[in-house]
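Have a look below at one chain only, the form predicted alone, in structure tokens format.
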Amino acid sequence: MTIDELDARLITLLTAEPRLGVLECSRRLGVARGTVQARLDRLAERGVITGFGPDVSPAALGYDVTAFVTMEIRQVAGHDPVADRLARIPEVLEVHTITGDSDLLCRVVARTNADLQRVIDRIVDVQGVLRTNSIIALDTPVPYRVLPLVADVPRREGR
């Protein structure tokens, strides 16, 4: 599953200006409207593009603290039951299974450091969680990004 240069240009354009319509994208890319629509459909169908919704800032909603919480869990029923329970906590933004001393890694948000304690208490109360360790993020000098990967694929594939 690879993308070509036109796919990369389309993804880059929509990342920079997500409100552009298909017609405007086709005009800017110099291709037919049907080509842009077909590319978008194919990229979405293949799971390359996973959404078209707005990116929402937790800080703008009052959640100024971001933390990463690792946890050891009871492995009797696996990770899924614990992950399902964690998903019920609104402040848990992501849950990843990991290797190493811990089993799960969560990215969580809270309104304040005191509120983070409340969130961690909720996590600790989840059935199957044995132990947690938290790290508070002070800054995000490199936010989540995929455009460098998008730009690299056609080059790496020699296209």
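Since we're looking at a predicted model, the values are computed, not measured. Position 1 is the first residue in the sequence shown; the rest follow in order.
Absent from the display: the form predicted in complex with the DNA. The rest refers to it.
Only one segment in the set 58-66, 96-104, 23-31, 122-130 has any non-hydrogen atom within 4.5 angstroms of the DNA in the model of the complex, and it is 23-31. Residue 111 falls outside the set of residues with a heavy atom inside 4.5 Å of the DNA in the model of the complex. Heavy atoms of residue 46 never reach within 4.5 Å of the DNA in the model of the complex, leaving it off the interface.
Although the partner is absent here, residue 117 sits far enough away that none of its heavy atoms falls within 4.5 Å of the DNA in the model of the complex.
Proximity of residue 37 to the DNA in the model of the complex: non-hydrogen atoms within 4.5 Å are present.
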